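Following this are structure 1 and structure 2, which are two forms of one protein chain, each written alone as structure tokens.
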Structure 1
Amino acid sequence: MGSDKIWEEVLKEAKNHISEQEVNTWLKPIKVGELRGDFIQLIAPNRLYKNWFEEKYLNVVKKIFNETLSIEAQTIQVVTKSSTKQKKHTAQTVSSSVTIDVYTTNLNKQYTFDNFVVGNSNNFAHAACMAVADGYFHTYNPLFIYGGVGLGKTHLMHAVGNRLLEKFPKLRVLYISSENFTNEMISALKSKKMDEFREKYRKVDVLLFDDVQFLAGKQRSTEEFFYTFNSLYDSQKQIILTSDKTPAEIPEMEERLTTRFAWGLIADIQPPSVEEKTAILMKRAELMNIDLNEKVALFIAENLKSDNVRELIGALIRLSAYSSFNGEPITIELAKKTLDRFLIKKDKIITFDTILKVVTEYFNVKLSELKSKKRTKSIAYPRQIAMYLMREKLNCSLSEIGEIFGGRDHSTVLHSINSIEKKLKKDKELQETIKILEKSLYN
């Protein structure tokens, strides 16, 4: 992958932050000149571009390099390329940016079902989205998708929109994040264009409303959204919502909304398994023409600290950028070298002390209390978890664990471990806690 490919990735991601028109006008004409360590040079067609770009878009681009592509961009230098032909061309594009796009879908064409890898973690949400994309509107209305950051919620939503428009080009599909909805509402209020604002949202056939949790606590936008929702729902228009939590779990969200969110279907997306992560990497590599061997993909999938797919893809891009800039093939060795900070340190030796440290820090309890005879829940529970982790990670005997905790006998230890194991089967919060603790153990 050369620098053009990297810039293409920046452009794709930028569409999630700024409008497509801005991307086409202001970002597309830029080229990557150099990429060395944490220094990136960008070439703008002329001074006008350079100044405008630096003022308006440099921060977004920097963020994308750092966060999405995992390419550290400490310094981004923007230079100009002066050529008269180029100037004429850009003058035209600049003037066209003044016209306002009246009807927009805000859809990102890259996010399709074809590019989406389906597995156990997301097949329910995927199936529900496919059903809506096939035109089954009333069955799952609203469709509410929830799951952690970077697990594909936005991707699926766009995929529905793109598929629907392929089949029914006249359908009015509108994608909007709750943040942009709020911003639009604020500027409509200021410019006294609330009627137009309402009209715009109430005439759509399919509303794709992303990250609805950000409406929480915002009274005015919640109110507006409530009326939009009712109006669309009553006229049997399709609504898809996403959130990082279930409706009931969103703090400060009005009940009249959360009950409505549960009227249709609620589908979750879980973090991907190692196999799914590998498949996602292979798919991405194929799309981006990166020569990635399945063994390397498996290595990254197994060892990346994060479960976030965006970061998984970021790791691939970072690896591929280093490979092309240094002319080295993509191997496990190169992955170890370039992704070091992002990988779990498997060879780190875990001891009784590491477990005690991680558990006391997480639960904010004192080591002396953890080792004491105290049986209050706030102490006993972390103690049981520490015992469980020792048994799981250290392959030690029950009496060794008993020793650590002030000479408890092995049956007490066994009882503690069993009780955690039992809870783990059902208790989602505990599952989450153990995951976090395991991660910190390897950090």
Structure 2
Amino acid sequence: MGSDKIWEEVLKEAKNHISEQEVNTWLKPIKVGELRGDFIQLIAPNRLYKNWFEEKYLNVVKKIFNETLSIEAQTIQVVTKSSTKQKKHTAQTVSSSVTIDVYTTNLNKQYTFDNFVVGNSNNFAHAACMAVADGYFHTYNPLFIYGGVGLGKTHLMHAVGNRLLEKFPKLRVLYISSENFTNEMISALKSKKMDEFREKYRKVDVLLFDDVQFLAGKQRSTEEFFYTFNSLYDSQKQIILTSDKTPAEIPEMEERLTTRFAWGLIADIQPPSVEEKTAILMKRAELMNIDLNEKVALFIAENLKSDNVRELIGALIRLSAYSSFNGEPITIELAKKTLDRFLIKKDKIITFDTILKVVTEYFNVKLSELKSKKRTKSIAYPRQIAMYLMREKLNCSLSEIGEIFGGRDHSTVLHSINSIEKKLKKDKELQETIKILEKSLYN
């Protein structure tokens, strides 16, 4: 029986001991390298598979060889494809046979899963990151996380890297922002060290690439990243990307890259709810030994202008510092005084121009386009939302709103408003959008 047939029998029997998904994910990519006496060599695609196989499945496979297939397997050596080209050492069972050079991960050790607050706004992205950190590399590759600034994308990415290194200290994990990637590439071009640059990125086991949208429009950086992505993906290395938009919505990004970004799993992070922001404040206060009661945390969560988690923590630090410097306990009154310019001004007068400004900035459209006759979705949708807000916040007549938007008749305006009201009942993303816009009106 050939080695391929033998491994097929191992896979078939393994399904009686572990789940079929685990067999397909972790055992199927393994190949038999050598069968020599009581020595068996197995070849894993890369270090991720090697380390995970040795930790989780080596004993199961050894038992199948010995008991089910009656193939004596005193020693099973697991190597990677790259190491098979090197001179073979004396056969022995090893927990890890690959030597990793000292390198910089760029990981922030403070970003962990333990201090990440999970809620409805981020639970899907969190679950996907946990799965990758637990070893489901092949299943979610690439993992693409998108959402607004300061919502926790970078935190989750670092948490994956930190968790993986806890489990597999010899993995090559590298975090890099698109800006630093571009800067390093420019430096390598100037110093004629592109081979070293490419080797650095293409030999990692896990690449954590932050703010990939900033590669758009940078032809040379995009091209270099395209080939790096292909090299890692073809070698079954894990790639995690973050962006402020979905792959299809990144302007000026090459289609050959956006299609690759969508090969794996796309997970979003929405702005946190008031309850989630309160929980974030309480959790961070606990970690920082800040005496914060829930009523004050709730007040900040409800009234802070921004949904950005970083700004939320910044407000907490500012409040704590003021309390410490002046010897005052943290109360709602102190929060009002200390954070005044960061809080929503609920007595602010809202006008047509206020709504138009907020909507055009949020959707990145021109005011002239909003008032034009264009009916493309990218223009019509923001226009409908602006009409809805004018009706809700200013109680304007349909004809008044129609005049603002180039003399549209009242039936067109009514249809737009009704369309938004209908979608609001079921569309959670639209609900969050309206909430953000309403808050921005008072900034």
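Each residue is numbered by where it sits in the sequence of structure 1, with counting from 1. The term rigid core refers to the maximal set of C-alpha atoms that superpose within 1.5 Å between the two forms. Remember, it's a predicted structure, so these values are computed and weren't measured experimentally.
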property	result
Pair member which, unlike the other, is the form predicted together with adenosine-5'-diphosphate (ADP)	1
Core-aligned CA displacement of Lys203 at least 2 Å between structures 1 and 2	no
Is_shifted Ala73 between structures 1 and 2 (CA, 2 Å cut-off, rigid core)	yes
Phe226 C-alpha shift between structures 1 and 2 of 2 Å or more, rigid core reference	no
Core-aligned Cα shift of Asn46 between structures 1 and 2, given in Å	48.8
Per-residue Cα shift, Ser419, between structures 1 and 2 [Å; core superposed]	3.8
